[in-house]
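Shown below, as C-alpha cells, is a lone chain in the form predicted on its own; questions about how it binds or moves come after it.
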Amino acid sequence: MNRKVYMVAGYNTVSLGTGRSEFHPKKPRPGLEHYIQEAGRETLKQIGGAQNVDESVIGNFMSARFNNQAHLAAMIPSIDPALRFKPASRVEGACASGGLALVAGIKSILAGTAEVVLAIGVEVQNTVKAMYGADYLALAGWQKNRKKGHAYFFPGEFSDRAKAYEEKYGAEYTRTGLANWYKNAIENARLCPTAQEYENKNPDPLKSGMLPPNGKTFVDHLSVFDCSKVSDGASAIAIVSEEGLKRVGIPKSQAVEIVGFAQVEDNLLEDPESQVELTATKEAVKKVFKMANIDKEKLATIETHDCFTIAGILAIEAIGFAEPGKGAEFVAQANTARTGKIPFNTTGGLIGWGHPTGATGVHQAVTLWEQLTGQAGEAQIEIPSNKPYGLSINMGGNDKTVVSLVYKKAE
C-alpha cells in the first residue's frame, strides 16, 4: 500500500436480542438512530471529537425493510453537530456490509482524500416476526430462488452445505465438529459483556450442540444451536493515516496497522460451485495473504463469519488450517479454542457475540484491535511475538461477497 493505514478507538454496543436479560420482545427497545449515535459518539470520545473526522461511512444491509428507514448516510450528522456538512456514505453488501465500510474507509486513506474516517456498522432486526425477517434476509441471495428455498431461507442454504459435508465425510463426525464450534462460541461469549450470549448459563454447551436437527420444526441438517441469532447492535472504529494518528493524539501502541485487505465478489445468480467449499472466501484469503506478504502460520487469532457452525468449519479449510474434510476434526481437537493452536472468534463470533448483520465486519475489526493491543479484558488471549497478525473474514450471502483484512499491532 502507498500509505500506512491504521485503526484505533473501536467500540461495540451490546448485541441485543434473545439471550440478553434486558431484551423483551414486547417492550420498547432502542431504535436504529440510538445504535448509530452510541457507537459513533463513543468512538469520537476516544479520538478527540468530531472535528478530527474528515468523512464517515456506514455499513448496513436492510434498514429499509427492518426499520422502514433508508438514507443512513444523512443520519451521521445526528451523532455530533460537527459532522454536519462533512462527507458520509452508506455501503451495502448483505452481511458483509460492515466489511465494505472498512474497505471504503481504507481506500479514502490510501487515496489521500481523508486522514481520519469514522466507520460504523449497524443493524436493528428484532422489529418483525422471524418469518418476515427470513424473507428480508433472503434478499442477500438470488431472489428467484426464494420460492424454491426453505421457509427459513439462509438456514436452509447452509443446512444444504452441512448435508453435503455429512454425506461426504460422515454425519456423526460432522455433528461433533459443529457442536464443538458452538461450545467454543458460548465459552468465548461468556467473557465479553457486550455479547448476546454473555449470560448463557448452559452447563453443557457441547451436549446441546450434539442434539440432532429436526427438519419438522426447523431445517434438516442444522439445529438452532448451529445458527447465529437475530441481533440489534452497532460497532464503530476510526480508520486513520499516520497524519490522522497524530491528529487524534493516540499513540501507535494503541493502534493496529492494516497490512492487507481484499474484497471479492462471486456470481449471485449461480449456485455454489461446491457445497463443501467456500470458494469466494478461499480466494479472498489468498489475495489478502499476498498483499500482507504473510501466510497462515503468522496469525495469532482469526475472526471469521460463522453465521452457521458449518460456515466456521468450511472457513478453517478455506484458510488452509485443515485439508478438505478435516475441518470438523480440527475443531473437535480444540485447535480453534482460545487456548488452541489458532484461536477463532475470541468474543464469541456471530453465534456467541451476535450478528447485527451490517455491523458484523466492523465488530470483527474492533475485536482484533482489542486483542492485538491488549485491550480485550477477560477475553484477552496471548499474542505470541512470532505471530503478531490477526485475520478477519466477513461474508455476505452464501459466500458471494467476502471482505478479508490482515491486522498487526502498530510499531
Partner chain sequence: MTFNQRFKNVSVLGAAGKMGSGILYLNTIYLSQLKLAPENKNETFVINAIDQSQERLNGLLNYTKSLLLKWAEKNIVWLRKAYDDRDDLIENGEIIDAYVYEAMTLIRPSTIVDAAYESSLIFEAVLENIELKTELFTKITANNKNNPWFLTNTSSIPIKELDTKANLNGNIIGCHFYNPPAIQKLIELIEIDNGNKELSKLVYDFGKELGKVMVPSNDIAGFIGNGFFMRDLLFALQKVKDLKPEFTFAESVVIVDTITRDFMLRPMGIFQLIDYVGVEVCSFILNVMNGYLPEELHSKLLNKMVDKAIMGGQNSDGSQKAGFFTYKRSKIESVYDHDKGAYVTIDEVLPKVNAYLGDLPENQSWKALSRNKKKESILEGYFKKLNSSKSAGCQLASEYMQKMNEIGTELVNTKVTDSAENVNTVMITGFHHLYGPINNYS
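Residue numbers count along the first chain shown, from 1. Note that the structure is a prediction, hence the values are computed from the model and not measured.
The protein also exists as the form predicted in complex with its partner chain; that form is not presented, and the subsequent description refers to it.
For residue 134, a non-hydrogen atom is located within 4.5 Å of its partner chain in the model of the complex, even though that partner is not displayed. Put simply, residue 150 is close to its partner chain in the model of the complex: some heavy atom of it is within 4.5 Å. Residue 218 belongs to the set of residues with a heavy atom inside 4.5 Å of its partner chain in the model of the complex.
Using a 4.5 Å cutoff between non-hydrogen atoms, residue 246 does not count as a contact of its partner chain in the model of the complex. In summary, among the residues 139, 206, 334, 224, the only one with a non-hydrogen atom within 4.5 Å of its partner chain in the model of the complex is 139. The contact with its partner chain in the model of the complex, taken as any heavy atom within 4.5 Å, belongs to 143 out of 293, 253, 143, 339. With the partner omitted here, the stretch from 123-131, 70-78, 304-312, 320-328 that lies within 4.5 Å of its partner chain by heavy atoms in the model of the complex is 123-131.
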